[in-house]
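Presented as structure tokens, the chain that follows is alone, the form predicted on its own.
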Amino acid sequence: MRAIQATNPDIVYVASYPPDSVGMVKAANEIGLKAKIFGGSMVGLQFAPIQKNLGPLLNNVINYDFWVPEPTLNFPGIDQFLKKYQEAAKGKGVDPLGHYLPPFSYAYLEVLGQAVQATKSLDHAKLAAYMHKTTFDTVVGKVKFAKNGEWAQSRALYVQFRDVKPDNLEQFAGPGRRIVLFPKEWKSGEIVYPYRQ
């Protein structure tokens, strides 16, 4: 990180897995990184235990995510799903909030269930044909697939951590800590920069 700082960068983009993501955030804070924007594709920063551990070190970091509890992403059924997930997660050693992967995992099953019900079939070709032409209502909003089988529209978000307090898991359960910057249809706030105020 000191070598990066020596180049006086405007933007520092990090693509990493959890141990390195935590290390990069800690290192940026330790040296007082002066970049205008710091963040990227850091796997791990989406998990509640890591968020609690890093606390205020996350402030102004921009990172990708898939679902966060912002008002712009309050789709029908998401609150009920998360309540059930969080109750089942107690004492299991998994992410207690379940914001990162569980909503989309459940939505995939909703898509499959709706396709099976509509086609009255388990035939893969029939299910695929139906899925390609249908928009599905799920806990992560409307889901539609493109001709190549990928999402018709990317559902990846870029969020910025804000006003994170130390040693407080519950602050991540509600809005205001991960502001959606992109895409614009789910945007919940404006970017704050430079990274270190």
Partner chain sequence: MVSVDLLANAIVAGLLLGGFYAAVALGLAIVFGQLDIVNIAHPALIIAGAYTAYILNSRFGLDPVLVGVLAAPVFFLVGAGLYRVYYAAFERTGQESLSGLAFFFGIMFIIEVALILVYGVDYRLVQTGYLGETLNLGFVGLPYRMLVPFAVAVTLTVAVYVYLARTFTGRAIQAVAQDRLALQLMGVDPIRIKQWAFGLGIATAAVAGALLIMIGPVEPSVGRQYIGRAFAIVVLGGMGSISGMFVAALILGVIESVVATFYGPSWAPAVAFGVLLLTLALRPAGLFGR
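Note that the coordinates shown come from a computational prediction; the quantities given were computed from them, not determined experimentally. Residue numbers count along the first chain shown, from 1.
If you look for the form predicted together with its partner chain, you will not find it shown, but the lines that follow are about it.
For the chain shown alone, Ala128 is not a contact residue for its partner chain in the predicted complex, no non-hydrogen atom being within 4.5 angstroms. Ile37 falls outside the set of residues with a heavy atom inside 4.5 Å of its partner chain in the predicted complex. The shortest heavy atom separation between Lys26 and its partner chain in the predicted complex is within 4.5 Å. Although the partner is absent here, Val94 is a contact residue: one of its heavy atoms lies within 4.5 angstroms of its partner chain in the predicted complex.
From the list 64-72, 154-162, 139-147, 46-54, the contact stretch for its partner chain in the predicted complex under a 4.5 Å heavy atom rule is 46-54. Three-residue candidate spot Lys84, Leu109 and Leu112; no residue lies within 4.5 angstroms of its partner chain in the predicted complex by any non-hydrogen atom. Of the residues given (Pro18, Pro175, Pro9, Gly189), Pro18 alone sits with a heavy atom within 4.5 Å of its partner chain in the predicted complex. Within 4.5 angstroms of its partner chain in the predicted complex, the stretch 164-187 places a non-hydrogen atom from Asp167 alone.
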